[in-house]
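Read the single chain below, which is given as C-alpha cells and is the form predicted alone.
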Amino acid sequence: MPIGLSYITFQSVSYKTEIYRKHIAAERDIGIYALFLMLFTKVIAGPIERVQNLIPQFRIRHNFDFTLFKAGMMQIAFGFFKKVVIADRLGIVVDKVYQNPLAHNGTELIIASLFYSFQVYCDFSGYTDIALGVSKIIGINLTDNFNKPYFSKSISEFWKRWHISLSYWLRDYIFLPISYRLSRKWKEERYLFVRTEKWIYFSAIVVTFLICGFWHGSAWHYVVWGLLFAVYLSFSIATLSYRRKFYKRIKLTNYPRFFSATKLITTFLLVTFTWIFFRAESIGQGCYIVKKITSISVNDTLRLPLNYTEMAFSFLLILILIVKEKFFYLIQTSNTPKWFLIIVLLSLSCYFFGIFIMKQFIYFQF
C-alpha cells in the first residue's frame, strides 16, 4: 500500500466536504494544496489536519524561533523516550505472549494486555510527539492528537482525548451527517418505547465505529474492537438516568474522589478489554484470551521474556509515565539550562534503556 494513503484520503475527504459545505474556498495554489496533503511530519500517521488550521500557516513567513525550537526538541525527546524506552520494552512481553496465547496462563495474558494498553499509547503518542515537535521547529503548529486519554472517566471522554483528529473527523463527516439524515426521516416520537433521538444516536454510533474498525484493517477482530466502543457508548446513553439514580441511592456521589477514581479505573479497564481484540490476530484468539483471563489463579507462574528485575523496571516506567502526565503534562522550556538538562537526561535514558530492534510504529500499518 502507498505510504500514508489513509491519512491523505481523510484529509482529501475533509477538504472537499468543507468546500461543498461552503466553509472554505478551494485552494488555487497547487503547491500549497500539495503541502497540505503531503507535509512530511504528518503524512504517515497523522494527525489528520483541517484546511482551516494548516493552510493559513503556509502563507506566513516563518523565521527561526528559539522558543519554538526548545519546545519542539523537548517534545521530540519525550516522544522518543515513550517509543524506544517504554513502548518497545513493553512490546517484548506483548509480542511474546500474543504470538502464542495457548502457551500462557491467565496472569501472563492479563499482564500482556495491560502492557499493550500502555504500549499502543506510548507508541502512537510518541510518534505524534515527534511529528508535532519537528513541526514546531519549522514554525508549524499541528493538532495535538492526545490529551491524557487514560485519565478519562467515561468512554465518551476517552474518544475526546484519544486520536483526537480522527475522533473529530468521524464525528463531523460520518456521525453527524447520519444523525441529521435519520432525524429527517424518523418523525415518530418513540419506537418500541424508546425515544427516537436515542435510536438515532445508537444507529449513527454503530455505523461510525463500524467504519472506524474497518479503517484499522480488513479483519473482523478490528470490527469487533470498533463495535465494542459502539456498545459502550450506546449503553452509556441508554442507562444514564438509571445510573445517576443508582449512584445517589448508594450515596457514591458523597465521596467525589472515590467516585472519580472508580470511573477512571472502570474506563481504563473497558478500554483495555477492547485492546485485546485490537491486538489479537483473530476474533477466536481474542475470545480465547478473554476466556483464559477469567480463569486466573494465584498459583499461576510467570514465564515471560523479561526477568523480575526487568518487569519491575517496566512497571516503574509506566508509573513514571502516569506521574508525568498527571502533574507535568507540559514540560516547561522557558528556563534554558533546565531545558538542556532534561533533554540530555532523556537522550541518555533512550541510549542506555532504549530497545533498538528496528520496530516500526504501530500506526504505520493503518
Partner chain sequence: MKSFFCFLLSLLSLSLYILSSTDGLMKTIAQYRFKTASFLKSSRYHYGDLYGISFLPSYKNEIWPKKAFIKLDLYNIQRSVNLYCICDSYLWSFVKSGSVFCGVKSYKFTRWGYDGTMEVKLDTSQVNVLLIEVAERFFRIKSKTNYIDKIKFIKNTSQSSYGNSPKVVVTADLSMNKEELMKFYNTINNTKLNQNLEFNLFDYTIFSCLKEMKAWLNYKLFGRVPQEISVLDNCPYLFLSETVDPLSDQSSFKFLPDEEVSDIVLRLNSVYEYYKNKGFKYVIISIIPNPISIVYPFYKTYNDIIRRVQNHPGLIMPMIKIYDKFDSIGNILYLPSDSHWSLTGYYIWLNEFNKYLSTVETVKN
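Positions refer to the first chain, counted from 1. Just so it is clear, the model here is predicted, and its values are computed rather than measured.
The next section is about a form of this same protein that is not shown, the form predicted together with the partner chain.
Partner contact region in the model of the complex: 84-92, out of 292-300, 238-246, 221-229, 84-92, criterion any non-hydrogen atom within 4.5 Å of the partner chain. Mapping the unseen interface onto this chain, residue 27 falls outside it, with no heavy atom inside 4.5 Å of the partner chain in the model of the complex. The shortest heavy atom separation between residue 325 and the partner chain in the model of the complex exceeds 4.5 Å.
Of the heavy atoms in residue 357, some are within 4.5 Å of the partner chain in the model of the complex. Using a 4.5 angstroms limit between non-hydrogen atoms, residue 67 is distant from the partner chain in the model of the complex. The single contact residue among 35, 318, 44, 306, judged by any heavy atom lying within 4.5 Å of the partner chain in the model of the complex, is 306.
Taking the partner chain as positioned in the model of the complex, none of the residues of 208-244 brings a heavy atom within 4.5 Å of it.
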